[in-house]
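Encoded as C-alpha cells, the following chain is the form predicted alone, with no partner shown.
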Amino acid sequence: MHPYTLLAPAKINLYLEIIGDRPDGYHELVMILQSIDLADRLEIRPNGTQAFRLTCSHPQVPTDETNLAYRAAQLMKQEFREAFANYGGVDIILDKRIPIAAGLAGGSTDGAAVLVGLNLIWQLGLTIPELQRLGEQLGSDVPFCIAGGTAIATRRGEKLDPIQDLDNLWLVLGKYHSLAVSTPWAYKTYRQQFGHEYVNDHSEIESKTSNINSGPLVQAIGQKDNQKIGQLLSNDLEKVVLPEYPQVAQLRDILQQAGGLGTMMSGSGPTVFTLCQSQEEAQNIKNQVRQTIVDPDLELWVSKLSNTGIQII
C-alpha cells in the first residue's frame, strides 16, 4: 500500500432552478454544475492502525465526524468491512484551498476525494458510478464532485447527466471571509416566499427537468457560445439571499459593472463569480474590484473552468 495525493476541485452553479418539494423534505431542483480548477489537496496515507485521523491546514475546518472527508472514510469502513480489516485506517491530510462556507462544494469535494482515495488504497476496483452511489449517502454534491466536468443535476442534485465540457472560460470569484450563508436557511426561506409557485404534479416536474436538456443554456454550452452562456446564468436563490445580505448584493453589482460575460451568485452563496473570456480579463476585473471595495475581509480569486473531478497526482 502506498499513499495517494489527490486534487479535489470546487464547483459552481451556472444554473439553479427550484421546481417544487420532494417527499423526502428536499427540493426538486434543476441545475447545471461546473467544476473549476480552484481545488483542495488531500494526501491519504495508510497509517497501520484501525483508525482514521484527519488533519487540516485551516483552523476553522473540523476534523471530527462533522467533516465530510471523515464521514466518507467511515462510510467506506461500514460498506467494506473486510477491506478495512485487511488494510486498516488512513491519515487524511487536508490542505484547504477552497474557501469554507462559500457555496463551492468544498466539503463535498473533500468527501469525494476520500472515497476515490480509499477505493485505490483498499484496491476495491469500484467504478465511478459505484462511487457516486456511495457519495449520495454523504450529500447531494458529492456524486458530481467525483466525476466533475459539466453536468445537468436533477432531483435533489444527485441525478447527473454529463453534457459537453465547458473548460475554455476563466472566472473571478469573490467572497467575504467572515460571511457565511446557511444553505438550509436559504432553501427554507425560498419555500416560505415562493412555495406558492411550486409545481406539485409529477408529470409536470418530469417535463420541467427533461426540458433543461434542450434548453437555451445547454444549447449555448454545446455551441461554445460564450456571450450567450454569460447572459443565461440563473440562480433562484439570489431572490432570497441578495435582499438579506446587502454585502453579497453589492459585490455582485460591482463585479457585474466591472465587465466579463455574466455575473451570478453560486449556489446558496455567499460567493459571487463573473465568467470571463481570458485569464487576463479575469485578472483585470479582480484588480478593479479590489480597488473599488477596499476591505481586507473580501477575498478574490482567479480560476478556470475545468473538465475533471477528483484527480490523482
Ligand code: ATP
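Note that residue numbering follows the sequence shown and begins at 1. Note that this is a predicted model, so its numbers are computed, not measured.
Here the subject shifts to the form predicted in complex with the ligand, a form of this protein not shown in this document.
A single residue from the set Gln50, Thr66, Ser278, Ser57 has any heavy atom within 4.5 angstroms of the ligand in the predicted bound form; that residue is Thr66. Comment: the ligand is not present in this chain, but in the predicted bound form one of Gly174, Gly149, Gly107, Gly157 has a heavy atom within 4.5 Å of it, namely Gly107. Not one of Gln247, Lys286 and Val302 comes within 4.5 Å of the ligand in the predicted bound form, counting any heavy atom.
Looking at Ile221, you'd find every heavy atom of it more than 4.5 angstroms from the ligand in the predicted bound form. Among residues of the shown chain, Val61 is one whose heavy atoms approach the ligand to within 4.5 Å in the predicted bound form. For the chain shown alone, Thr189 is not a contact residue for the ligand in the predicted bound form, no non-hydrogen atom being within 4.5 angstroms. Proximity of Lys96 to the ligand in the predicted bound form falls within the 4.5 Å heavy atom cutoff. You can rule out all but one of 97 to 105, 157 to 165, 81 to 89, 129 to 137: in the predicted bound form, only 97 to 105 has residues with a heavy atom within 4.5 Å of the ligand. Contacts with the ligand in the predicted bound form, taken as any heavy atom within 4.5 Å, map within 113 to 152 to Asp141 alone.
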